[in-house]
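In structure tokens, one chain follows: the form predicted on its own.
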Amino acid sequence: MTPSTLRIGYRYRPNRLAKKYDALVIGSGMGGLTTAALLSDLGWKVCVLEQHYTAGGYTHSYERNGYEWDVGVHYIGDVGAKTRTRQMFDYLSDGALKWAPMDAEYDRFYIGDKIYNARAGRQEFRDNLIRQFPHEEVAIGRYLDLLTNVGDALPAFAIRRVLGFWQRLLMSPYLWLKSSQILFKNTYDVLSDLTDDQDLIAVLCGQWGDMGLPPKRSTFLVHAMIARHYLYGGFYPIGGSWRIADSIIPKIQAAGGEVFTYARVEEIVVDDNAVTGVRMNDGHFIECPCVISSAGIGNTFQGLLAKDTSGAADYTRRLENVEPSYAHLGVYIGLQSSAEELGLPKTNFWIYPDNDFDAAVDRFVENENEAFPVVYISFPSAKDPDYAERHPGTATIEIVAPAPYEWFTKWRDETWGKRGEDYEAFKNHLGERLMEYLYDKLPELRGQVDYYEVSTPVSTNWFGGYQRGELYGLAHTPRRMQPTWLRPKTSIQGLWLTGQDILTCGVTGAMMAGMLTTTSIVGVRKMAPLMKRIYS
């Protein structure tokens, strides 16, 4: 495999553009690609504009020194059977995307000096928890019932993002009936009503890194969605995470559209509160009355629109009531032996200093020398059965941990790869600390590492466009999940939003947001036949 293989998409040049497009999509993350693909199947010619050198957003992969890593797709849930999630992936990829299951023990939680695990399958998950907490059988049963209740309420939650004001008013009795009273409660408060066992609460919240907020700050709605998502185990895309975008793009091209890389949008152009197109950073203007932003709501209204644009002021004001999710560090590790030879697991490691996750975050933010509040370790080459064919005799490991963006602001405006010795020294210091977490759990790997590199929040800003290096867009607080203004339709005619900011975090959340955005644009009547094909 050559390095260019992973650079999917078509490099932008003005002379490569079609004369006319029905829609422009800013950003090729999962939300943008899903929206573009669904519109393409409805007969639209869609142009996707990606500022990075490769398409896919957080689903992309990259190669260095003969190794390959994903940057955001560490595992996906709910694809081991004919679920709605699996059906959508199958439809978008025309069945080309295949999945490999992880170990039955897919998540392992190191909480202080105690070790717990999560096992795939609702009954297996329950029984395993009861073995670990034999006096909490009632609480565990009630918890699983709550997950079911939240699942039943999710369609109503999603519908509210699509309906207009009068439609929501007319349907308010139904929406109220289907809504759960605990959706927007604090996660820790909900779980504290079930049990006083702080270790059990910690285990139930052991995946809080998947949404980027510890339990006393997150909404139970998103906690429950993540817990349900992985209840039947974790899966990894065969061939690597880059295969997700690679398998979707042909659907866009088949309708005459294209996905362009190195295509940085400078401005969404608006005239009399209606979109007329976008201006690229090379000055070229692409005319189109429909623009869909998958660049994040903050980037859209605080970066891509002129400050005096009519209709943008309300969003600027509303954004003051939400906040970005945590920034993060990534360590990408290469080893000169195969995953099989090294005995690497298909299990994720979650490492915590103790069972008070929120207090650990506070200590770390105040003092960088404190223990990392969470360290996540993933083994992608072990999860992907095809990795050994692409990179024989090698293996990869990834470490992810939170890091305040404020630690890196002085390097924000520096060019990637040219930020100076003090930056390199600081990030390498953090990387060495994180490597010790790996060696503590797998001491046999000390001396086996051939290569590793560290990415920081300013790297995320540089490549992904997230202004504060956030991993999950807007933080999933109770305040953020309730407003109806976080929806696909904006107050500017022809401007639409998609991606994790309008629904929930993660690849699947962004994918379902793409479905909601498409429905909002074309209407339920035109979308219904397509939905029937997807879920037949």
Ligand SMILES: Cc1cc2nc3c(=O)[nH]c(=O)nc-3n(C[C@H](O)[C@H](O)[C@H](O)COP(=O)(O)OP(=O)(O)OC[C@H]3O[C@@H](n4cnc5c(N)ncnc54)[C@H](O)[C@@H]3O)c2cc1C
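Throughout, we count residues from 1 along the sequence that is shown. All values derive from a computational prediction rather than experimental measurement.
Just so you know, the form predicted together with the ligand exists too; it's not on screen, but the next bit is about it.
Only one of 190, 213, 73, 221 lies close to the ligand in the model of the complex, with a heavy atom inside 4.5 Å, and it is 73.
Though the ligand is absent from this view, in the model of the complex it lies within 4.5 Å of a heavy atom of just one residue from 276, 299, 347, 128, which is 299. Among heavy atoms of residue 263, some come within 4.5 Å of the ligand in the model of the complex. Mapping the unseen interface onto this chain, residue 381 falls outside it, with no heavy atom inside 4.5 Å of the ligand in the model of the complex. Interface membership of residue 472, defined by any non-hydrogen atom within 4.5 Å of the ligand in the model of the complex, is confirmed.
Put simply, residue 58 is close to the ligand in the model of the complex: some heavy atom of it is within 4.5 Å. Comment: 299-307 is the region of 200-208, 282-290, 299-307, 79-87 lying near the ligand in the model of the complex, near meaning a non-hydrogen atom within 4.5 Å.
Residues of 285-299 lying near the ligand in the model of the complex, listed in sequence order, are 294, 295, 299, the criterion being any heavy atom within 4.5 Å.
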